[in-house]
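Two forms of a single protein chain come next, each set out by itself as structure tokens; they are called structure 1 and structure 2.
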Structure 1
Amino acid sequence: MLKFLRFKHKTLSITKEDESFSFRKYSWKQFKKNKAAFWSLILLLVWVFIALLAPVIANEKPLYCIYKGNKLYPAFSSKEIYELTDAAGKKSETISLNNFDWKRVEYEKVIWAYCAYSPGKSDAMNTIVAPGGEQVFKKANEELIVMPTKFKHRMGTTKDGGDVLAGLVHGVKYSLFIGILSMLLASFVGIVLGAMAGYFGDSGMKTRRGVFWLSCLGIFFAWYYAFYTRSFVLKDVMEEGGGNMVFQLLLSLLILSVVFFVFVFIGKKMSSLSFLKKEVNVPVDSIVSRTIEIINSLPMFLVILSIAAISRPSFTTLVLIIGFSSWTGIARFTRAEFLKVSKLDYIQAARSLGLTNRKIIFRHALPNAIGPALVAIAFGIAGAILTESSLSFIGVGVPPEIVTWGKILSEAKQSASSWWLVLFPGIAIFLTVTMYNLIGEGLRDALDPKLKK
């Protein structure tokens, strides 16, 4: 009897251990075992930290100073003008925050950023200066002296006197911004279309013949009224860029949706006729798969380059272009996983319980099929950053006043001997792209249940 109880207790403990198994915890442990992926994730966190603190790390204005008895925080101020007062409280001087030469005045106390320069700001006294090269500084009395250590260009300057280190620091946030936002857009489109294609296939979605025919007809009319008739408006806003472009695109999508659903509504009413009442299959998988094949057959970089060249440079335009051109890989991975998951027993049980297709897809199937898509997203962010750097290198994509890694790299075209303009941004791009690729590989191994021991 005691032996039986011991055996029973051991059986229960094993069962409890099995039930408490968490694939998420297991995946995290597996990810940490991949040292390259784990340290790449640490580097990504460092990149995020630098992006958040970029104005503190590189800024031409003091972080804090006491000037003529006034305590000022120029680097963090949203004011455009400072009204200084004297000891008696009377107005003594007016300072324009952006046009004041902060480096050439005497302070009672001052704290500078590590890099005392902002990106895109010119230092005309030091153009094309190498790291460690001779740098000069003009004092308030016009005397030229050797550059003080706190004001040195530690990574050299460009042909316009821009500080390379300031451009690299602030370039981190632009790379993360473009890469992550564009892939969020691509992920939404790719996951939704891939999930529908894999879950419904060509025979899983049924509708009445009248609704199907009117829906197909409605797509053409919706496209005509939403985009073709508004082509001149959309062309103008593409050249302008910015918020107006986003508004006009959203308006076109709204017109597209309204016209399409009007045709669907008409189709439902016409489906009362006996001939149009018959149910037919909607070939969702074929439609999505053919669309992916058409997009993949295009030279996508040339398409992105063409659109970016005719439109006004802006971050919004660049994010939309890269996002809408990068969803196909995510859709293919999601579709493949849904084709497998949709045949499993728990999905069949959910259908038998009468759960809606939307709940089954997003609550039960997607959490178990998202792994490969996450890997594709990680690789996609690396590709988006590389695309942005390539476009910036040839002078299109981002606004001229914005300094990115690719734009610093393009400065080397006019000065072949300026090795620092190639080395430092090149290392930044290489590290970032490699970092995301290694994270993607780590996710691929950690999320693969076949590798579970």
Structure 2
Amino acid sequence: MLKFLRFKHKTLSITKEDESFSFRKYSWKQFKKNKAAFWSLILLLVWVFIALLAPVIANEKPLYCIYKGNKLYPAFSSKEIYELTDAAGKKSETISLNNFDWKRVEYEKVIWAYCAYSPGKSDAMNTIVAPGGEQVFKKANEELIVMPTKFKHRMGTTKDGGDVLAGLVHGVKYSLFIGILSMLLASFVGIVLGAMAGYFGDSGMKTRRGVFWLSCLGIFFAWYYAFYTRSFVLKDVMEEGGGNMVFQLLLSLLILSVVFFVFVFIGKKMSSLSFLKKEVNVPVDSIVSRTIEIINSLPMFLVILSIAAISRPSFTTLVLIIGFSSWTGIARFTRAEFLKVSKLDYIQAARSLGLTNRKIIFRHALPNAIGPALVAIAFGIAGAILTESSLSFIGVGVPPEIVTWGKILSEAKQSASSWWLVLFPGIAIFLTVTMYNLIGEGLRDALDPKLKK
């Protein structure tokens, strides 16, 4: 008896130890061991930080100033104009925030951003100036002096006199934005399609004949009501951009899903008829795999280039094209993982317990199959950033008023010896791409059970 208890005790302690082992924790530990990948993650955080603080780091307006007795926060204000008051509290002057010459007035007290310029604005006095080169400053009384240190172009200027540092700092957010949003879209499409292909295979998805045919009809009608009848509404808001566009797109998506589910519902009801009752096979795997093959045999960069060339330049379009063209890698990895995972016992157990397919796929299989997809996503972000910078280097797809890293680099085309136009944005792109690649490699090693010791 005693022996048995001891034995029991021992087994208990083992299970406890086993429970405390989690693959997620283990992977994170492995990931942290990889110095390069870990520091890349830190760099990513720094990048996010810079992107958030960009208006404070580089801004042509002072962060804080006391001007003629008025305390102002021009950099943080969303107002168009300021109404200044004099000592007696009367209105004395109105200044327009965007057209006011902030650098050439006298303040009682002023705090400038580290880089006192905004991207896209030009300093006509200093065009193509090297970082250490001679920079001049025109005072309010038209007198030319050597640039004061606080207004220095710390990384030089472009041929229009745009500040390189300001462009770089504000460019961080565009590169993060494009990379992450396009991959979010790609991973959504890729994971859902890949999971379905791997989980159902060619014979796993069975449905009633009625449901099948009505779903097909439903897809057509859903597209028809969501996009065809609303084509001009969508076209107009796409040109307008902004919040209204997001709202209309979401509305279209809502119509799409509602119409589709109405049709599926009718199909289910109709399937009680005997001749619609028969089960049919949906070859999900074949459909998805063929689609991936076709997309992979397209010359993607050229396709992206030509779509970006014919459409109105905007970030939304860029995110959409890059996203919809790069989901195949993620889908392939997810599919392969799902093929393995869905054979495992616990998935069979979940099936025999009568859980719905959706629940099994997303609740039980996906957490164990997401690793390789994460790796593909990290590499995909690097690729998306490269694509974006190549496109803006060529001058296609990115709105003209926005300064991105690739655009600054492309300015070097006209002035061949201006090294600062090449080096700084080039290093920024290189660092970002390397960062994501290293994170991808780190993830791959950390999530690979083969390397587990």
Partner chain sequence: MFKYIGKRILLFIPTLFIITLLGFVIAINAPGDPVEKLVSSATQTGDLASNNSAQKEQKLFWRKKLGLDLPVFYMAVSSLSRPDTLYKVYEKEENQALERLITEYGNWSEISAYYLSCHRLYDSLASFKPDTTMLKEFAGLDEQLNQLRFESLALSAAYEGEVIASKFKKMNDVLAKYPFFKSIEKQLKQTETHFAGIKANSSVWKNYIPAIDFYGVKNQYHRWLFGDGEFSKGIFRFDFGISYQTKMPISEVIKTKIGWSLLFTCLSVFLAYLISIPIGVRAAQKRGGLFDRASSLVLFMLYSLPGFFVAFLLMLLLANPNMFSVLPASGVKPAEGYPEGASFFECVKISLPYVILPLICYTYSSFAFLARIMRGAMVDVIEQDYIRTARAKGLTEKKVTWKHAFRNSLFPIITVFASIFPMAIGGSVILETIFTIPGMGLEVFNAITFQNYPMIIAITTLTGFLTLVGILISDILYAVVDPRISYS
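The first residue in the sequence of structure 1 is number 1, and each one after it adds one. For clarity, a rigid core is taken as the largest C-alpha set superposing within 1.5 Å between two forms. Quick caveat, the model's predicted, so the values are computed rather than measured.
Between the two copies of this chain, it is structure 2 that is the form predicted together with the partner chain.
Superposition on the rigid core between structure 1 and structure 2 places the CA atom of residue 210 2 Å or more away from its counterpart. For residue 267, a C-alpha deviation of 2 angstroms or more is recorded between structure 1 and structure 2 after rigid-core alignment. A rotation of 20 degrees carries the smaller rigid part relative to the larger between structure 1 and structure 2, according to C-alpha superpositions.
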